[in-house]
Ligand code: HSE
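This document starts with one chain, in the form predicted on its own, laid out as structure tokens.
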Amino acid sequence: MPSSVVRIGLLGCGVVGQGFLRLLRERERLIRDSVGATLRVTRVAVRDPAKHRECDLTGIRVATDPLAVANAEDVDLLIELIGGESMLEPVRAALQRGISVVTANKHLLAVHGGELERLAADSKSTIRSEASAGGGIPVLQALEHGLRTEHFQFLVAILNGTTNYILSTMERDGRDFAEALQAAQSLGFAESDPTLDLSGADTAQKLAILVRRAFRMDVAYGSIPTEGIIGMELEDLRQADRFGYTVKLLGIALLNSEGLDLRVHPAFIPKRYLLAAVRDEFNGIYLRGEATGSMLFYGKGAGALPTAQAVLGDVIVAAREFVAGVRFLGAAEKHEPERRLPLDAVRTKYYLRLIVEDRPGVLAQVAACLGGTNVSVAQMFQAEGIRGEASITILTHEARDRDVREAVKGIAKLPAVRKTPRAVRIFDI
């Protein structure tokens, strides 16, 4: 007989967990009609049970041990919203019992995604993670269902709302990096310690999850060449505008005959691109497939309610399966062997900005460094010298990434160079 109640264990009751409980309460009738049963949270694990929360936990057993919740007999479905490596054991425990899991834990999926999916298949359960890679954007569901058999060649995405807000604020308001970061923190778009976002690591984790779905290839996110936006200056965004570009932190996955070109870094992109219009805390995921052509997924990549809605969507699907007795959706999907194109071999254009002594012969020295590694200049602009210094902006033709980086190292060693050169890739495909 189908169950009339699906009992939920919830790990974490922060802003997303509270948002989920709010949606569960406000949409109770719609959810019940959709699932065919009532969803009831029976247990919650939190770090501090005494902490005040903007939600009613009456009738719910509140404890501090996530593993105990994962193993509880009155839990039919586990939701994991604490995050981090420490949640691996509770998630494993639930899957081993045949309990399906919904998680927003991008670290867990980026590092252990393959193992957890195999474990779910072996135990006739499922693990769903829509909220892990795009907040409220339903891209993983699209890749898992409607686009499951598509062959993708191209995925380029803005996956971090914090860095996108900072870059948008710098560009729009003329604020420097520190001011834009402070604004992001005051609005709740950036953590008090924003290192994971600013370093590009958050984007790399999400990119690894998307690559697993879109290209059916397991990639260790720690192996993805990653650069963040730390050190980006307002003048770089002004120069981007001068040449018809805007600056975004991109997660890039391009598949060709040489392998998968996979990287995370800030990039100049043409203003005509759809991704150039993705501003502030919004995310955008641009895909190009063999049959479907180009498509853009756009929306809020973070925030309590957008993320909670993504969690709820996964919970409804998992609860439907539980009520219907559908506990096994097939074997774990076989993935392609990893074929990577090394960053050294990637061919790309570059933006370079140099602060040099304003005297004759310096340009010739810079040109010699570039020419010595087979890097040619496409455009150049020199600002009027101030206090004996000149600012030189160079856009290169396409060249091997390794060759451009070697040229920049050589330029940095020139006696006339006053400051470490800025080097940003140009993404124009």
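The first residue of the shown sequence is 1; numbering continues from there. Just so it is clear, the model here is predicted, and its values are computed rather than measured.
Although it is not shown, the form predicted in complex with the named molecule is what the next lines describe.
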Answer range among 260-268, 184-192, 290-298, 225-233 for contact with the named molecule, defined in the model of the complex as heavy atoms within 4.5 Å = 184-192
How about Lys106: is it within 4.5 Å of the named molecule in the model of the complex, going by heavy atoms?
-> yes
Does at least one non-hydrogen atom of Leu159 fall within 4.5 angstroms of the named molecule in the model of the complex?
-> yes
Looking at the partner-bound form in the model of the complex, is Lys248 within 4.5 Å of the named molecule by any heavy atom?
-> no
Taking heavy atoms and a 4.5 Å cut-off, does Lys206 contact the named molecule in the model of the complex?
-> yes
Among Asp314, Glu80, Asp76, Asp197, which has at least one heavy atom within 4.5 Å of the named molecule in the model of the complex?
-> Asp197
Tell me, out of Ala180, Ala319, Ala302, Val356, which residue has a non-hydrogen atom within 4.5 angstroms of the named molecule in the model of the complex.
-> Ala302
